[in-house]
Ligand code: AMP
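First, one chain by itself: the form predicted alone, in structure tokens.
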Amino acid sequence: MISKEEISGTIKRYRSGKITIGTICSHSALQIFYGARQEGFKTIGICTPDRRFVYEAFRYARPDYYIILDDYKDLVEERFQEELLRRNAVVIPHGSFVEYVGAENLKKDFHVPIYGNRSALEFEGDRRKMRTWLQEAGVRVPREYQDPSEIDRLCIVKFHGARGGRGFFVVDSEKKYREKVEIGVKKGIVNESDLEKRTIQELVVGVRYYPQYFYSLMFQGEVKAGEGRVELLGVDRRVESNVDDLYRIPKPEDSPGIEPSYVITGNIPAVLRESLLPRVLDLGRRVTEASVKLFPPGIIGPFCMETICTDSLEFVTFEVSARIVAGTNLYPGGSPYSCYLFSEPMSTGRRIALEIKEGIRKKRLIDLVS
């Protein structure tokens, strides 16, 4: 892991009035660039040649500078890191950033300051550690099975990494598990390394909600955790192909070749009934407090919970996304919750920039990066 001392030395060499915000041109980059611009920062887009036109197409969200590379894994090369350091960059990790560059590369070989806590990558990327985290938080989690022979109810099989639901499948027995794995291997969706890190989880029946939080070290508020406050910035639901539209087939049994899939294609906004807010806020607080204990100073900045709300109005938590999530792209002008916290339209991208701006003002930027 890149040491805090090294990053601290880098931040001391940065010119505080010239800090730039950078990220890979994917996932939630438009929102990150737009929010940074709103708070007065220059931005850097790390981009492959074929994607640049997308960001040029959106006038107010295109980056001020580009770093063009052929493969995102090349970002760890010295020449690209030197350019980011020369521009006093703070890099914002998102799901595509972690997936494309690689969590191990980010932890060991990427020497540019990253917004947030790199230790969170370990807990997000390892489902066993994530379960320990959730159990430490004292929240309800679904039952898990170590071996396919233990499957005794409807379960979902998930794989490691930010793959957007690709390859996930539902089974109700060991036999069905073996069949689905064989299909996945034949189609090239599943490989041996996936199977080593797969998780078999009880499929809880209810409504999927994804509350979007922000843990701030720069501001204080009512929902206290660690040395800061937890903010609820939005809620979304995910649109998954093809499972969300299978009902359109009049008789699914007449189409045996169609396998349900869970590839995320988009997001839709959601507002919870107000009486559920105490539970959702407490969920965010508990998970944040547990992170402070397990990997201090905790889960800095944006994070999201994958939950199911049952018909008894209980939230079951499946996992934590320890970074900005794509569902926040719904709210570039603010959400039905952020408008109650801030007098200006506040997206998660802008919220990150505001936190960094406040960290610079208070001479505490080092507390926000790793």
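Start at 1 with the first residue shown and count on from there. Given the structure is predicted, the values throughout are model-derived calculations rather than measurements.
The following text describes the form predicted together with adenosine monophosphate (AMP), which does not appear among the structures shown.
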Quiz item: Taking adenosine monophosphate (AMP) in the predicted complex as the reference, which of 83, 122, 99, 202 has a non-hydrogen atom within 4.5 Å?
Solution: 202
Practice problem: Let me know the one among 66, 318, 337, 34 whose heavy atoms come within 4.5 Å of adenosine monophosphate (AMP) in the predicted complex, would you? | Solution: 318
Practice problem: Pick the stretch from 225-233, 283-291, 207-215, 265-273 whose residues have a heavy atom within 4.5 Å of adenosine monophosphate (AMP) in the predicted complex. | Solution: 207-215
Quiz item: Are all three residues 127, 142 and 168 in contact with adenosine monophosphate (AMP) in the predicted complex, where contact means a non-hydrogen atom within 4.5 Å?
Solution: yes
Quiz item: residue 238: heavy atom within 4.5 Å of adenosine monophosphate (AMP) in the predicted complex?
Solution: yes
Exercise. Answer with yes or no whether residue 176 is in contact with adenosine monophosphate (AMP) in the predicted complex, where contact means some heavy atom within 4.5 Å.
Key: no
Quiz item: Looking in the predicted complex, any heavy atom of residue 87 within 4.5 Å of adenosine monophosphate (AMP)?
Solution: no
Practice problem: Considering only heavy atoms, tell me if residue 306 and adenosine monophosphate (AMP) come within 4.5 Å of each other in the predicted complex. | Solution: yes
